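Only one chain is included here, represented as structure tokens and corresponding to the form predicted alone.
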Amino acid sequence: MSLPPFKLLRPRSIEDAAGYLSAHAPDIQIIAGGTDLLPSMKQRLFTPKYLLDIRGIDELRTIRSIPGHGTEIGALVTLSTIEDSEFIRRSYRVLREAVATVASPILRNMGTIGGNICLDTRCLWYNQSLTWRKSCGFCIKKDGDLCHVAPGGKKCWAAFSADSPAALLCLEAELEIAGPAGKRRLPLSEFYTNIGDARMKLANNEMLTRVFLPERMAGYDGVYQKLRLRGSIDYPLAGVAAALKKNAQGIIEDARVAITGVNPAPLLVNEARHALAGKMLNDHAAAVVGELAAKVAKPLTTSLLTPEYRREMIRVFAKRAVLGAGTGV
């Protein structure tokens, strides 16, 4: 399959990029690593008249620690850079664990943290060629008004299928978003809509520029567990991130658990924090968190695996992730 025709724009600053977005919205798409966008364009899921290549904005390529505040990660920092960062591994382990599972080393060398956060939702009925989708009458997410996953429903249930946002939710990350009115900050927990065809609160004349990790979350032990059909390259069909902090006596002082791959958005398991805080970590406490995570998960037939199996794996992975984070393995 070939790419549709487009004009390539190459800004050198955030301001230039914002100008292009304002001038050409909604007929413009941002490209950084291109690992997901270009295959989708070949499938005619996106046919923008303009591609905004932001790789020339050097200020978005750095990881910077700001004493007293936390850590700033530019949207163009590659996943492999985060994976290889000793500072990230030591201070924000759960993020390193998550990005290390994304696709393959070659794709992690190209893919960016900003692109992973903004990854399109996926569905068995959506991520197909134009000919295949046309034969099925299209769907709510693209070109049609029918949901094959939930017949008769008016909501798109395409699943959010990126790994790093679950870890970032556990770290209470915030995003910097740039647009024609300047820059704004938004907690990652408020960025996603849980609607498959309108997945994030990002206007078509705005762009994600930076991720902020608060200093108070540094040093949490963290684990990421992932289900996929092919262990070397696939998107998560169920993913769980867990981060927790214990005192010298082994009592859990704070904990976060988040899931991905089973809902139209990555979601925190809010009750997990209260279930673990003030307790010694044991098999029973971890099993309780597994049950809580399974209740939050709402997988439908968006993949080749059954919803029941994916929900069960969320339960299993949540238990494993909490136990793993608690033992530091």
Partner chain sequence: MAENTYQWPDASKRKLIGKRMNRVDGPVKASGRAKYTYDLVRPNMLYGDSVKCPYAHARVKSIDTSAAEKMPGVKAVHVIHGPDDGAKGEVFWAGTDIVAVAAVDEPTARDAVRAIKVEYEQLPHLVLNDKEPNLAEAEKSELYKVASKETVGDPNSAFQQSEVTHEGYYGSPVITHCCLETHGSVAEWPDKDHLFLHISTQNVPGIGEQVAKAIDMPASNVHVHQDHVGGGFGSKLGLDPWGVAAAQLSKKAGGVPVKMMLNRATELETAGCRPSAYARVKVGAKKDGTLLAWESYAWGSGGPGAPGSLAIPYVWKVPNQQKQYVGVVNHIGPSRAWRAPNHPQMCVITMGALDDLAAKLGMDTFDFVKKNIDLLDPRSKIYSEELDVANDLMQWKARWHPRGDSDTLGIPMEAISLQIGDNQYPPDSASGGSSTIGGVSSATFRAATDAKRQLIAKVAPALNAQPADLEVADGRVRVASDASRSLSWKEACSKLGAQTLTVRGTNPGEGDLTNSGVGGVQMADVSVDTETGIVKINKMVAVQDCGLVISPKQAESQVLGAMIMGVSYALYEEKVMDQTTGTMLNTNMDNYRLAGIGDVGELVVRLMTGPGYDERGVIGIGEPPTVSPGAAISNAVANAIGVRVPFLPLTPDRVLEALEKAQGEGGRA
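Computed from a predicted structure; not experimentally measured. Positions refer to the first chain, counted from 1.
Omitted from view is the form predicted together with its partner chain, to which the following refers.
Taking the partner from elsewhere, every residue among Arg44, Gln128 and Leu229 has a non-hydrogen atom within 4.5 angstroms of its partner chain in the predicted bound form.
Proximity of Asn247 to its partner chain in the predicted bound form falls outside the 4.5 Å heavy atom cutoff. Contact annotation for Asp84: none of its heavy atoms lies within 4.5 Å of its partner chain in the predicted bound form. Taking the partner from elsewhere, His24 is found to have every heavy atom lying beyond 4.5 Å of its partner chain in the predicted bound form. With a 4.5 Å cutoff on heavy atoms, Cys136 counts as touching its partner chain in the predicted bound form. Checking Leu124, Ile195, Ala100, Ala150 for any heavy atom within 4.5 Å of its partner chain in the predicted bound form turns up a single hit: Leu124. Contacts of stretch 282-310 with its partner chain in the predicted bound form, defined by any heavy atom lying within 4.5 Å, are made by Leu304, Leu305, Thr306, Tyr309, listed in sequence order.
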